[in-house]
Ligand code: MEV
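Presented as structure tokens, the chain that follows is alone, the form predicted on its own.
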Amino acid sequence: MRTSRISGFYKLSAEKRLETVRDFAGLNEEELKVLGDTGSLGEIANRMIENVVGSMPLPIGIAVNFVINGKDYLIPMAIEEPSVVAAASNAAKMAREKGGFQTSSTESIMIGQIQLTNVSDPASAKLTIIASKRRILNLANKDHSTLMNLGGGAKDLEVRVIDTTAGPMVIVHLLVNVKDAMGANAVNTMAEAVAPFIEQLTGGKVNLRIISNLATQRLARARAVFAMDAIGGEEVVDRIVSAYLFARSDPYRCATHNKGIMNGIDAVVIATGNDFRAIEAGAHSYASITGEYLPLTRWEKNRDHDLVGTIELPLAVGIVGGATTVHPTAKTNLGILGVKTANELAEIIAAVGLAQNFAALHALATEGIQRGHMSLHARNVAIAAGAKGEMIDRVVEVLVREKRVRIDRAKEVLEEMI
């Protein structure tokens, strides 16, 4: 009987682990070869995570036409979904007429949370902690001279008293400027370093000491004007604004609205070796911070009847540390972008998110989302049906013409052609 209880699996070489998986799952040689291919990672893959057997490649496309703060960029995007890269490129092209995207961002301030429980006098404890702010910050910065020399480090703190079903808790926010890193390691280390002193100050018991992915003090913003004539006239402008208002008023639509934004954002975050899970968590939490789930973008019509779009969201990305300095493809993609700071990268990502949202709304407001998406999706369907080489384009042509982009029809078309 096969079992997933495998003693010492982590001690095996990658090859032996792969063989174990083969025997468990009954993989054939072709499947084994595909799974075990680590691509450009090579031996690095075995050092990045645990129990490595291979890698999961994603296509990298280059979004073109972007002008951000007067500078031209080619933007690498790692994503498996068809039409995303093309849509971003087309949106950026339409934005160029009015100068492209204007962006800004705040400092790279991350929040480390220290959860204090069993405090008999939480209001008094809050004041005690605030009064000891300087000592707490010094303690947090004690072993972080490199970050301090770069102008970063723990800069401030906030204290909140929250009500829970277990009674009040005192939550300390340690505000840390992490400069060009995502910052999780530094922030977590600082939070742990100050926890014993906070316990001593208050007589409470510290439980969690962890970074928050709701980085409300690390925001990126982008703005673009889309000329009325360039996007199809005033009726299209009005339809896009109406679509935005729909998302603002309905969480079911808003979830898809924001998902479209994250199509672009995640693709650049992944391509640059950053943590897309943290970015997703922060973005959707920020969309809900008022207690109502709202769009991350805003769309309006200006006095010239042009369309104006803006976006604001937390973007805790880095250009040093973690996979950004280990993963060879991530390093190359950062080189393509030519970014010098984490803030510049965050602003680029915000611009891509805004472009992606415009592209989706423009398609929905005009031809519908499926028409542009269909031919690109049809390629995947044709390949899945077994088409190769020039046969792929021939199958796609039939599927799109018939508007029957289905795997069963693709197989029928392929058999007829053969």
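Not measured: the values here are computed from a predicted model. One rule holds for the numbers: they count along the sequence shown, beginning at 1.
Below, we turn to the form predicted in complex with the ligand, even though it does not appear here.
Checking 40-48, 389-397, 66-74, 353-361 against the ligand in the model of the complex, the stretch whose residues place heavy atoms within 4.5 Å of it is 353-361.
Residue 259 belongs to the set of residues with a heavy atom inside 4.5 Å of the ligand in the model of the complex. The ligand in the model of the complex comes within 4.5 Å of no heavy atom belonging to residue 96. The shortest heavy atom separation between residue 301 and the ligand in the model of the complex exceeds 4.5 Å. Taking the partner from elsewhere, residue 142 is found to have every heavy atom lying beyond 4.5 Å of the ligand in the model of the complex. Using a 4.5 Å heavy atom cutoff, none of 128, 133 and 192 lies near the ligand in the model of the complex. Note on the partner interface in the model of the complex: the residue among 306, 312, 81, 158 having a heavy atom within 4.5 angstroms of the ligand is 81. Think of it this way: in the model of the complex, the ligand has a heavy atom of just one of 253, 173, 221, 331 within 4.5 Å, and the residue is 253.
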